[in-house]
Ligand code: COA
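This document starts with one chain, in the form predicted on its own, laid out as structure tokens.
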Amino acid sequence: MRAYHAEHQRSIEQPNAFWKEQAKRIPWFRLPETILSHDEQNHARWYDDGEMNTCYVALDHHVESGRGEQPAIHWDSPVAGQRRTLTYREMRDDVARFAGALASLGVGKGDRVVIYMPMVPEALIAMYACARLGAVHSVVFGGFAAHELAVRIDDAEPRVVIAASCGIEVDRILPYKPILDQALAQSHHQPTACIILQRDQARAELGDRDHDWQGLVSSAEMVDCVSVRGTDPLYILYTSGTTGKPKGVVRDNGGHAVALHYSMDRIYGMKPGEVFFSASDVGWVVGHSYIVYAPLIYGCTTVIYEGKPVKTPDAGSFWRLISEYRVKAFFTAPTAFRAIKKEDPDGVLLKNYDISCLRTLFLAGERLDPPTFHWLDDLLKVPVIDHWWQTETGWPIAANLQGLDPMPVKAGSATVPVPGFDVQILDRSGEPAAPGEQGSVVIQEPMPPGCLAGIWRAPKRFHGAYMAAFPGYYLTGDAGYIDQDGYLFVMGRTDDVINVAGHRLSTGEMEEVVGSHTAVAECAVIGIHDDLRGQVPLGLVIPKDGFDGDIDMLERELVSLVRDKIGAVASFKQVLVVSRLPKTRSGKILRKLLRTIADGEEFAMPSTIDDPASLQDVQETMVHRNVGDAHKARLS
């Protein structure tokens, strides 16, 4: 670990020198001289006097450097029955022309553009076109409800909204235009124009301010990249807030490009020209960072997948994509592989594909539970790398750095802090925790390049949400510990640490134990109210496909397993077997919502929920089994 320690130590002790070197690895119109500065609240800003353009870094520069005929993107859509490949030259030209179309509608530097698109190449073209003009894009996950889209339109105040006529799900076509029309009917702010990409599966009827994508582009002129400062905003990405109002995370141009370029080298161990596949969506931060921007900034080929890990057509879809596009590094969320493991527990479908090209598998988005890690490790025979980061940071906080100093893997650990991130564990009084002792995971300022520059039009909210709890530190909201070897273990959100009769216990640790049972495909453990103990844990379990054992026996075995591994102090006495768990579209289990229902409180249906019926199923199971006050919970 000597190479890692030397690089990490230098990044913390000499951040100006370290990040000045990294900045030289991307093309600037004017190389920055001021590397680290601070805003009015004393938070870090990077490359303030540098001049650049993210679209130029990712497209024009590579074409000029001889990479023009290399594939930039492979689009693969089993739900649409279509595929398409665009070279760097084709991508640059399409982006330059669409940027001209936006400019013809009055979009310029600093203007906002909301993008409401499925996983199609045009989503990336729209994002890069905004960057080319110096405009600020805000991508809203395709299919979000009208109210949620309206809230984001009112906050971002876009000059133009770009949408597709529809999205394509596994079992249905979802028209987007009616949702957009409803959102605009609800929103106070009104864009001057909307651009609609017509898809044959459900063509939209256009109104007075609507423009057909193809028609607009056919008469547009190609435009050049606009120079922006390193600290100028590139995009706003909304993440859910505890107050119910989404937080618009702002990402800058310069620090973002430098950090993502660094990460492709040091974290993912990629080489320019290789294929990188991230199975996410452009509506999430993973899609922004590792589908849209990082692979092209670094000169790789990116895969855009409009499909699911299962049922498009089966649980072998990822293996097909890796094989056909010769993917070197694959990145997705653990929940995707739990779905695959549920349908194909022995990995039989893998035998149909040659994935010898795959060098590394990366997982993030939620904690990689050890049972899933071991299943993948046994199945693939390549490094399975858990790494940890957030929408707010935009790139990994902790990882096993494949391009610098690969380390032995520890199941359940995201390995070590990435250079630039000074990660520490603080107890409730703000004092450093001892090795192995759980506490709040924080990052000492200055935050490295690429992290959020603030909350859109809400500087006080930014400081209050992230910086006020422990002055001088960014509060991640996660609980965890660092062991004697310096490995970081993130155990879950701080509100997933429950207090059972005065004992603080991690539900993540209990999930590890429950998930280790051979019959369990997926599980969640939540803390619910108890008059005697304050809180007690409740287990929710999905059995593997084909499980035909006794449900009561399985529940008793799981209770016994937790008692044996953690002890009676856990007071783990109730398990519910369910058919599905409510999740966000990005695959995160809605644990906080499950606690709310179990405690009999009023709840709102989250905009991010993937399958609303799953919530009703779990609540009915809770009521049937007399869990807490679930019978009192009502949808607001």
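Counting begins at 1, following the sequence as shown. Only the largest set of C-alpha atoms that superpose within 1.5 Å between the two forms is called the rigid core. Computed from a predicted model, the values in this text were never measured in an experiment.
A second form of this protein, the form predicted in complex with the named molecule, is not displayed here; the remarks below concern that form.
Checking 176, 277, 319, 395 against the named molecule in the predicted complex, a heavy atom within 4.5 Å turns up for just one residue: 176. None of 462, 141, 128, 421 but one reaches within 4.5 angstroms of the named molecule in the predicted complex through a heavy atom, and that residue is 141.
Partner proximity in the predicted complex, defined as non-hydrogen atoms within 4.5 angstroms of the named molecule, places exactly one of 58-66, 32-40, 597-605, 563-571 at the interface: 563-571. Residue contact check for residue 330: none of its heavy atoms lie within 4.5 Å of the named molecule in the predicted complex. The shortest heavy atom separation between residue 76 and the named molecule in the predicted complex exceeds 4.5 Å. The closest non-hydrogen atom of residue 559 lies beyond 4.5 Å of the named molecule in the predicted complex. Shown alone here, residue 336 lies within 4.5 Å of the named molecule in the predicted complex, counting heavy atoms only. Proximity of 169, 281 and 309 to the named molecule in the predicted complex is complete: all three residues have a non-hydrogen atom within 4.5 angstroms. Once the rigid core is overlaid between this form and the one not shown, residue 70 does not reach a Cα shift of 2 Å, moving by less than that. With the core held fixed, the Cα of residue 86 is displaced between this form and the one not shown by less than 2 Å. After superposition on the rigid core, displacement of the C-alpha of residue 568 between this form and the one not shown amounts to 2 Å or more.
By 3 Å or more, the C-alpha separation between residue 367 and residue 535 shrinks in the predicted complex relative to the form shown here. Relative to the shown form, the Cα atoms of residue 339 and residue 566 move together by 3 Å or more in the predicted complex.
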